[in-house]
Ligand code: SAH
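In C-alpha cells, one chain follows: the form predicted alone.
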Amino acid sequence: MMNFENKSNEFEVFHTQLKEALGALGIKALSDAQADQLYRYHLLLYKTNEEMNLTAVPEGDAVPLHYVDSLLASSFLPNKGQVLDVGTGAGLPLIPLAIARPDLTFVGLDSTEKKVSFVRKTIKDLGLENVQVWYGRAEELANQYRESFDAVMARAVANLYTLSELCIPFLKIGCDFIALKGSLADKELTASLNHIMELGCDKPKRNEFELPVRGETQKRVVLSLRKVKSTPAGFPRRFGAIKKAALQIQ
C-alpha cells in the first residue's frame, strides 16, 4: 500500500475534490485505499486517452463528470450479487463502482475491442478481483445470459428506449435496471414508458442530483426500474430494428 503522507499534490487535490463532491450529494465517501485506486485509474485513463479516444471530458472535470457521476449508482445497487454494465466503454461506471462496492461482482460489456482491452489491462493493473469485462454486443448475448444478473446498469450509451431493450432482458425478476441519465431523462422516460413496461419492468423510480462542476451544477437523474415479469421472447431485436423503433417515438 502506498504511503499517503507522500502523496503528490495532484492526488491531494483529486482526493479533496472527490470527498467534497460525494459529501455534498450524500454519497458514502471512499476510503483512502479506494481513492488511491480511483486516482490510479484516472491516471491510466488520461494517459491512454492521449493515444486512444476514450473520453472527451477534460481531465480537470473528470472527478464530477466521470467518477462522482458513476458513483451516483452505488446506493441503488443490491447488497449482494452480480452487476452488468452495458456499454462500459472506458470502464465507466464499471471501475469506480467496482472500487466502491467490493461486496459485489461486476461484468462490463462493450462492443469496441480497443476499449475492452484497455479495461482488462486496467483491472489487472489496479488489482481488482471483483470485475471482468466481455467483448460483444448486448443484443447478441442477451439470450445466452437472459435473466442472469442481480442488477444491470448503463451510462452515456443510448436513449432510454434503446437502453431498456438492450439491458432489461439480462435482468432477473425482482431486480433493478439502473439508468444514469442527464437533462433529457424526463423526455426519454415519457417516450419510453410503455416500452419499458412491455419489456417487464414497473414504472421507474426517479432520483435527481445536481453535480457540482466549476462552481455551477449539472442535472443528473438516476432511474431505477424494477423488473416484475419476464421479458417477452422477441426482445431484444436486432440493433437496427431497435434504433428504427426508437426514432419513430421521438
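Keep in mind that this is a model prediction, so the values were computed, not measured. Quick note: we count residues from 1 along the sequence shown, nothing fancier.
Keep in mind that the form predicted together with ligand SAH is not shown, yet the notes after this line are about it.
**Asked** Which of these stretches, 82-90, 95-103, 143-151, 119-127, has heavy atoms within 4.5 Å of ligand SAH in the predicted complex?
**Response** Only one stretch passes the 4.5 Å heavy-atom test: 82-90.
**Message:** Please identify the residue among L171, V131, A179, L166 with any heavy atom within 4.5 Å of ligand SAH in the predicted complex.
**Reply:** Selected option: L166.
**Prompt:** Can A138 be called a contact residue for ligand SAH in the predicted complex at 4.5 Å between heavy atoms?
**Reply:** Looking in the predicted complex, residue contacts with ligand SAH include A138, since a heavy atom lies within 4.5 Å.
**Prompt:** Given that the partner is absent here, does A156 sit within 4.5 Å of ligand SAH in the predicted complex, heavy atoms only?
**Reply:** Heavy-atom contact with ligand SAH at 4.5 Å: present for A156.
**Request:** Could you confirm whether F235 comes within 4.5 Å of ligand SAH in the predicted complex, counting heavy atoms only?
**Result:** Contact with ligand SAH, no.
**Asked** Heavy atom to heavy atom, is F239 within 4.5 Å of ligand SAH in the predicted complex?
**Response** Yes, F239 sits close enough to ligand SAH in the predicted complex that at least one of its heavy atoms falls within 4.5 Å.
**Sequence-ordered residues of 197-224 touching ligand SAH in the predicted complex, heavy atom within 4.5 Å** = Residues within 4.5 Å: none in this stretch.
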